[in-house]
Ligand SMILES: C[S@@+](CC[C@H](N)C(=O)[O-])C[C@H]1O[C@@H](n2cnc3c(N)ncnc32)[C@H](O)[C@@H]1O
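Here's a solo chain for you in structure tokens, the form predicted alone.
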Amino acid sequence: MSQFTTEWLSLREPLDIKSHNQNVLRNCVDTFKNHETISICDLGSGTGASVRAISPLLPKQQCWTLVDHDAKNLSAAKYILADWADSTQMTSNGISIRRSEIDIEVKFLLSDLATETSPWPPKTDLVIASALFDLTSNSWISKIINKLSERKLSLLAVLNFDGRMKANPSHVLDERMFESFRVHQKRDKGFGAAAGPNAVSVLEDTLQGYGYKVTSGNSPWRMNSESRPLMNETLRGIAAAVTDTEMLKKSEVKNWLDKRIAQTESLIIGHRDIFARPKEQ
């Protein structure tokens, strides 16, 4: 499974939160608004950004299980969440935190999702994944949705890359660079050939095939001078991926990146958010 550093996760977190599709979030929140408690499993949780972004919208008694294959991310999550909380108490397998009027029990599970498609605890109500499904394969998506369906669990999958990319001002190599990046996104990221930009349509079709009611909406990253560090790191990441494909000459990639770092005023990376619930809910 792909590695994401705590530094990269920290850099992208503010824009991730800003980019969430509000209609999709509202459908998720409305589904659980009459619950006194809720149990959530966060797949590929990183440093716990989804707890910080979504917990204020959910019932005031919450239990989160953060699942990640990187022990460093889980360790960082514990300390970042403790710093974010108003009060914190360490437990035998995690932490209990209070933020405003919300009580949150957080557990940490080290697990490789490439081989474990249903790591959630028995009493889970909602499964969350952020920027995950475009890294996974069509067959993995089918397996996890089958597991969700067996348990009648809802799914909130946010920030799934959808292939749309636009930079301003334009550069003569933009389309070749962006197409090469989309090709790279379909390479194996540890789950088999990745769904990449097709992940959203695969998710929607598969969920509907299992009888889920699906709400989806755009959640693009819109970067500009105010998000310059993230924009520059994103451009470097695109260039590195394209270099790996060997679809463009290294000199072309370098020329594009140098001009992009120096001249880019805005960069849009397309994503879509999805909330799916069993129709009987």
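In this text, all values refer to a predicted model and were calculated from it rather than measured experimentally. All residue numbers are counted from 1 along the displayed sequence.
This protein has a second form, the form predicted in complex with the named molecule, left out of what is shown; the following refers to that one.
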Subject >> Output flag, Asp68, Asn73 and Ser130 jointly within 4.5 Å of the named molecule in the predicted bound form, heavy atom basis >> reply: yes
Original post:
Tell me, which of Ser111, Asn146, Gln89, Ser170 has a heavy atom within 4.5 angstroms of the named molecule in the predicted bound form?
Top reply: Ser111
Original post:
Between the options Leu9, Ile269, Val24, Leu257, which residue brings a heavy atom to within 4.5 Å of the named molecule in the predicted bound form?
Top reply: Leu9
Original post:
Heavy atoms within 4.5 Å of the named molecule in the predicted bound form: which stretch among 81 to 89, 95 to 103, 172 to 180, 132 to 140?
Top reply: 132 to 140
Original post:
Is Ala49 a contact residue for the named molecule in the predicted bound form, using a 4.5 Å heavy atom cut-off?
Top reply: yes
Original post:
Looking at the partner-bound form in the predicted bound form, is Phe191 within 4.5 Å of the named molecule by any heavy atom?
Top reply: yes
Original post:
For the stretch 31 to 45, which residues lie within 4.5 Å of the named molecule in the predicted bound form by non-hydrogen atom distance?
Top reply: Gly44, Ser45
